[in-house]
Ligand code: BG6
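Single chain ahead, by itself, as structure tokens, in the form predicted on its own.
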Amino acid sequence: MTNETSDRTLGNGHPDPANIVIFGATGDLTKRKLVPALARMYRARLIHPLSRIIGVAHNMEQDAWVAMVRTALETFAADLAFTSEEWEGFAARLHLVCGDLAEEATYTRVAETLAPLDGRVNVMFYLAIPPDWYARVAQSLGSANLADESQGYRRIVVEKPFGLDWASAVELNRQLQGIFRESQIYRIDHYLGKESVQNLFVFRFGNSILEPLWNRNYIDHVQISVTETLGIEYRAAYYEEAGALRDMIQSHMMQVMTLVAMEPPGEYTADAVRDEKVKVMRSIRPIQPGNVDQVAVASQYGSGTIAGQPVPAYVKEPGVAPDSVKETFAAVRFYIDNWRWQGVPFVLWYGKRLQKRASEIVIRFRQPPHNLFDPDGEPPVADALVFRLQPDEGMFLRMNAKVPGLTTKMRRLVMRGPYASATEPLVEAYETLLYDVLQGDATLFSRADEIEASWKMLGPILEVWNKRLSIDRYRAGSWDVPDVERLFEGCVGGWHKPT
């Protein structure tokens, strides 16, 4: 574990004992992410040894669920290599409640299973279930008196997508807040749990050298990108409903944009940080329906080649309608109308089946005001600060330097700063976020007004795109996305493709 993890031990601010209840205990999210995260936390002593992990599932027995958990660890966390003693200790923490989420008796059994630990009944409810069930489960928890905090804390974790548009997000907030107080609700976005994203926050506000440059006077534009070589895999049903705009830009990428653009908070507390993020959201220039084609691009991958292997078009993927016009690539150009960022484009773009896998934040600075070294030629390439979130997490500063010899010609110089060394493996996002829920720290979680503001910004785009009858396509394994270059018109250096 990293140095941060070693600091989070039982001797230094460990969480209180808790009942960790997972609804959807046999689902893919539980197997791939939650179980491995909890097992790593158990080994690193990031959860109290008295804590219990309670799964809620339909048509499964205790022994079968424990066996499923062990298989999940062997498949998705093979690096743990639990000893027999470690596995027995972890398995002793596992308990199953068998029941249908639609039946009130299930929640009564959950209540009966919760154990007082050190005199308190602390509970984390994790909704690893389809979004359609969020409100129903929350209401049933309320009916079973499981939201009451008189005997210990009660915290509910809600996965994305949180709504499908502004109206549905507002309604879901209303329903959840009718049962739980806002301080009890943790809307999780695993992207904010990534070490490299948290490092962005520290890099901005833990160094004085950047602040004088972090504004419209020196920055030409900002690009935030997530590119994948994978297709939709097993998520056809979800993707046919969501698409790239909802899947990544509304949640992960707009959250990252607020971290780049926000003002320094007065203190590092959940409300202070989220207050500044909301101010950014509310400063985004509204997009008019008639202007959508000028500020947004949608496209869909066709057939092509990835890593030398042929891959099918999106419409040929299992579970996808052959006439689907759902986007697998989305890009939006935003403007933040405030004193710091007036006139600086923020371009967010995301796509599947592209040439490279990467997540980056590119800060492109303005060009020098005078071309001193080659007045008759091309102006020098603008400097850029690149935050690589994945893979090879780190920072890169790209500047101009002289070519050696009897010349004043310039070349690009790249200064690299890797985020972690080989001896400092990065903590998985879900470990960080689960730990924060147990600690009651909501800094990395979205507040209701953040969610609603981001949906409101994208509403006009969704309205236009939901009515389209056709969509442009790009060749899988390429950067050949139609029309995307126009979003970078006037931006120094144009479209930055990860290398």
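From 1 onward, residues are counted along the sequence shown. Bear in mind that the values here come from a model prediction, so they are computed numbers and not experimental data.
Absent from the display: the form predicted in complex with the ligand. The rest refers to it.
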Determine which one of 205 to 213, 304 to 312, 395 to 403, 346 to 354 lies within 4.5 Å of the ligand in the model of the complex, judging by heavy atom distances; exactly one does.
346 to 354
The ligand is absent from this chain, but in the model of the complex, do Lys160, Tyr238 and Met248 each have a non-hydrogen atom within 4.5 Å of it?
yes
Looking in the model of the complex, any heavy atom of Tyr191 within 4.5 Å of the ligand?
yes
At the 4.5 Å heavy atom threshold, is Gln390 in contact with the ligand in the model of the complex?
yes
Arg274, heavy atom within 4.5 angstroms of the ligand in the model of the complex:
no
Please check if His252 has a heavy atom lying within 4.5 Å of any heavy atom of the ligand in the model of the complex.
yes
Interface check vs the ligand in the model of the complex: of Glu360, Glu317, Glu195, Glu228, the one with a heavy atom inside 4.5 Å is Glu228
Pick out the residues of 300 to 327 whose heavy atoms come within 4.5 Å of the ligand in the model of the complex.
none
